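Below are two forms of the same protein chain, given as structure tokens: structure 1, then structure 2.
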Structure 1
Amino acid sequence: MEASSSKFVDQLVVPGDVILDLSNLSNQTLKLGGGLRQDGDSICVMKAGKLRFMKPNKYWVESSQKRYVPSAGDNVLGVVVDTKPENFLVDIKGPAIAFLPVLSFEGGTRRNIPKFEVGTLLYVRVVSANTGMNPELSCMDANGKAAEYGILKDGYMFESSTGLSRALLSSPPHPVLEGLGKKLSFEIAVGINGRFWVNASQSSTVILVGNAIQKSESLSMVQQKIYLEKLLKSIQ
């Protein structure tokens, strides 16, 4: 049964707005993403942003913040803040500090626990993130393989907003990222929690890429293309 979507889809919504009235809808399940909550028979908005809808039944509010709300399945960049016997305590820019079990590595046993110093940068996967509990991380994918997870050596980590991270991970690719990738060679890891890491053979390349991406956040699509052209000309 097709859901008649809310009339506020793709519009700006503000905390307090009621976007759906459940008493009118036919019997169906809805999936509510970030920024929405159920208040009795109505779905209300918690955060300001654009209301999005994906068929058949997913609603969420898209907004960009400096902090991150952990959710299972996300790939994030975390910084180790402490080590405990059972877990590493990792900061992922969320409301609570996250735990990375010492055995969550491919082929991890009590004998070969990795030694991470405080301040180590890791690319990890969020396994679970429940309200009131510390999020749990893992350096393995769902099948138990290491995949790309683990420590990120050298390079430099930049802070961004969650919106910029989503733009960098979107397809079609981010214009500035794509344009720079054609001319320069560098390695990049993007965490959905508002952090990205860049590594290249020369520090000047790392600085150039990091600054270009951070600057592109405040530019519109057209401005980004112009900025990219100017930048590429100047590095010839």
Structure 2
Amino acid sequence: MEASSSKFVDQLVVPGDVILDLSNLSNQTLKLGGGLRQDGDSICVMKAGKLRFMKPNKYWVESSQKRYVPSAGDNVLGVVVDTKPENFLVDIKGPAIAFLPVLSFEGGTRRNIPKFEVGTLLYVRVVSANTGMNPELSCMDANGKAAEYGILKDGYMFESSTGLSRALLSSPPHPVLEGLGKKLSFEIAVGINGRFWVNASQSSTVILVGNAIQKSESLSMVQQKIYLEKLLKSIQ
């Protein structure tokens, strides 16, 4: 049995559901995202929502909740709320404040510790997220490179549900985001924690893109296409 064989994928699941029996899998290397836990040979659901799967081997439960539950490997948008000698304290919209070690940057040494003011917006990776402990963050990928992580300058951060965040990061691309990207020039960074950042040369573009994405969450796929057509005509 392959890792993608759970019959619950894209179905509504509730706490207590067993989505996979590891004893039946030929490949037992799985990545579990939010809403799931391993109990012996069983992968169990911890919160209600839709079970999602991403190749090759990641499962998570998607729910349009405002509160984000951190999971190792997540890319998130965090706001610096305090600075300490060893760590930056960062709000990632989770149940506890996260910490970003001052050396968790590419080539980080005591001589080149970055200076972040309170309120600085960062694109960071969750390194560890254990129950009852503050999540640990990093501005490096698994290979120790800065990659896309770091400060997000200028622009504006918008709040959303975690469900919308996942939709913006999904494949195929989110229709409203894809449509706007063909018509307008802007940058976007999406955190899985229910935040996204938009930057453009004109503030009016930032507002238009951010508001359109937020509005899209309450629309069906058909309604999104109609809304997008009207929006694109209005900015010609």
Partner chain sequence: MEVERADGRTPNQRRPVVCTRGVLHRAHGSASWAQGGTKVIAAVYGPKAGTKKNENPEKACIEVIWKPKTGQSGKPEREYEMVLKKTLQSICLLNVHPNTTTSIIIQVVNDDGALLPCAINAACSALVDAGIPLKHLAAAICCCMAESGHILLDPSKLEEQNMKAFIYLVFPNSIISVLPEGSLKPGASELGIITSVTHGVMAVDDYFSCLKLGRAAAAELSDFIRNSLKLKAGNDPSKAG
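Keep in mind the model is a prediction, meaning the values are calculated, not measured. Under this definition, the rigid core comprises the largest set of C-alpha atoms superposing within 1.5 Å between the forms. Numbers given to residues start at 1 and step along the sequence of structure 1.
Here, the chain labelled structure 1 is taken from the form predicted together with the partner chain. The Cα shift for residue 57 between the two structures, taken after rigid core superposition, is 2 angstroms or larger. Relative to the superposed core, residue 12 undergoes a C-alpha shift of no less than 2 Å between the two structures. Once both forms are fitted on their core, the CA shift for residue 179 between the two structures remains under 2 Å.
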